[in-house]
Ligand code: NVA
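Given next, in structure tokens, is a single chain: the form predicted on its own.
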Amino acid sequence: MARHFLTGAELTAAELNALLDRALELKAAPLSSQALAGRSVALIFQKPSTRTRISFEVGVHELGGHPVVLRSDEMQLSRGEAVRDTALVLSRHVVAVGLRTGPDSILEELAAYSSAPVLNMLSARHHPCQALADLLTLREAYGSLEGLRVAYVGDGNNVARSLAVLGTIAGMHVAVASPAGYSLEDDLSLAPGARGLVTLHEDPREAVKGARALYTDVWVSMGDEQTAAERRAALADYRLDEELLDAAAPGAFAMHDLPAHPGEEITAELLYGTRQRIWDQAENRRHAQKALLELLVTAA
């Protein structure tokens, strides 16, 4: 039976730690693995992408494989073909399937009928591959993740949720600060055996106390355009800037999954300054995802 990666909760603490170890090895020697030699991976994009597409496409190539990039308008899914039928066909040709989509139900149905591992490249509720890159970035900076406090400031969206899910597997304390109506759910479903802690805050300065990194995401995500003005007004006090970073632990740095909108959720001074590891995060998508592909394909 294929092993899928839909929310990040599929990993144990030991597996996550080993995956991050392996990602660091692959970053040091990007062409050292040929785990996908002679094999292909389907990458389905129902949502626009920059970092996800480039990191997966290049990563599959570096592992010796062939990335088969499929856009919605190129597939029969756009003409009503069943997700089940698509899964059954893809399983006959590729060793893994990545899907970047909207509703999580599409991802779950694809996984239910695919005999090849399915990877969540983004869905409405989860962005676990981004969280792997985030943890890799923190691991590079601090060595151990156990007990590390990270503050996420802004909309309690899929990025915040995945950071909480995977961060707690690693034993981290993830503090999430959001305005009323934009917070993560109180009964957030964490992985069985998660060792870390998630705390929800309304005051950003409370959340960042003792934090070793401050994380944010856009105020208006894909699909939120119709409520853009309302969202910007609600989140106006949840901006990463030098002052907020100064309220965190000494040496703390800014993080962002990108794309960024300087002047909204983060200042240009932080985004392009020296107190951030944002561009490391963007690169680390490739290395973390390569380690994930090795794990899932080997287990399949």
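This one's a predicted model, so the numbers in the text were calculated from it and none came from an experiment. One-based numbering along the sequence shown.
Separately, the form predicted together with this ligand exists; it is not shown, and the next lines address it.
Although the partner isn't part of this model, could you tell me whether L258 comes within 4.5 Å of this ligand in the model of the complex, counting any heavy atom of the residue? Although this ligand is absent here, L258 would touch it in the model of the complex, with heavy atoms inside 4.5 Å.
Within a 4.5 Å heavy atom cut-off, is M222 in contact with this ligand in the model of the complex? M222: contacts this ligand in the model of the complex.
Would V218 count as touching this ligand in the model of the complex under a 4.5 Å heavy atom rule? The answer is yes: V218 has a heavy atom within 4.5 Å of this ligand.
With a 4.5 Å heavy atom cut-off, would you call N157 a contact of this ligand in the model of the complex? Yes, N157 sits close enough to this ligand in the model of the complex that at least one of its heavy atoms falls within 4.5 Å.
Please tell me which of V208, A96, L122, A170 lies within 4.5 Å of this ligand in the model of the complex, judged by heavy atoms. Of V208, A96, L122, A170, the residue with a heavy atom within 4.5 Å of this ligand in the model of the complex is L122.
Which of these stretches, 271-279, 60-68, 23-31, 250-258, has heavy atoms within 4.5 Å of this ligand in the model of the complex? Answer to the contact question: 250-258.
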